[in-house]
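Form predicted alone, single chain, as structure tokens, below.
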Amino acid sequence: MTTLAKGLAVLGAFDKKRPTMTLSQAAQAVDLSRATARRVLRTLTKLGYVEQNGTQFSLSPRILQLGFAFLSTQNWIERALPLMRGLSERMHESCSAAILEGTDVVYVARVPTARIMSVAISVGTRLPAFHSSMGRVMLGFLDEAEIWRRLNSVSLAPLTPSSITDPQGLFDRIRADHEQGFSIVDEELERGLRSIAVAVVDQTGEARGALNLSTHTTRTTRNEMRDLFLPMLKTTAAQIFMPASAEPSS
């Protein structure tokens, strides 16, 4: 099982900044010896999850099977997509769904309209949870000790001049957002970007993910997001786990 953990660590080391790595770079990235990294990469290449081109290694398309395997087990995502499309069409803004993984949110579904971020967002994109509306609404479902544990595990560097970087301030914002049932993040993640999110909660009260609507600050005010976006967003999120017999008739 230790070998499996090393293999997963190597796979996880490939990212946007490191789409390819040499043997030495892979070993350094996950703190392995060159000999161990060689064995791991050789096995991953044989299994088809990694490709080798000279001294460079990169992920192969087969790695997508692992990601799609997860998505296929999340029935709520399949149910959410048509609801998200309807919401996006009515509000004329991009709608996204994400899950919380550690200190990141991972996008699992997205219905885009006009592109408003400098970074292209797609399924699998990761963003810092503490500076995103979806991250904050999901973090609010954790107990206080766990929120602090995750806060203390990250460097809270400002992403924009509006980013909250004080740990106590972020903790208080997360708890306040949980109490009010939604989160608005205003130009903290990227200048010009304003988003509002609510949690996707199942029948047991567990937060399975989050939904958001995002817009440019020149199009929609914070008050408009609360008055116009929030009711529609809450209704859409509630419908995801609503029993078929209880769904409103069209």
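Just so you know, these numbers come straight off a predicted model, no measurement behind them. Heads up: residue numbers just count along the shown sequence, starting at 1. For the two forms, the rigid core is made up of the largest set of C-alpha atoms that agree within 1.5 Å on superposition.
The next section is about a form of this same protein that is not shown, the form predicted together with the DNA.
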| property | result |
| --- | --- |
| Sole residue of R191, R62, R38, R222 within 4.5 Å of the DNA in the predicted complex, by heavy atom | R38 |
| In the predicted complex, segment of 30 to 38, 199 to 207, 181 to 189, 214 to 222 with a heavy atom within 4.5 Å of the DNA | 30 to 38 |
| T235: touches the DNA in the predicted complex, heavy atom cutoff 4.5 angstroms | no |
| The DNA contact at L230 in the predicted complex, heavy atom, 4.5 Å | no |
| Non-hydrogen atom contact N53 with the DNA in the predicted complex at 4.5 angstroms | no |
| Contact flag, I240 vs the DNA in the predicted complex, heavy atom cut 4.5 Å | no |
| Interface residues of 1 to 31 toward the DNA, as seen in the predicted complex [heavy atoms, 4.5 Å] | M1, T2, T3, K6, T22, L23, S24 |
| Core-aligned C-alpha movement of R42 between this form and the one not shown reaching 2 Å | yes |
| T235 C-alpha moves between this form and the one not shown by 2 Å or more, core aligned | no |
| Per-residue C-alpha change between this form and the one not shown, F57, threshold 2 Å, rigid core fit | yes |
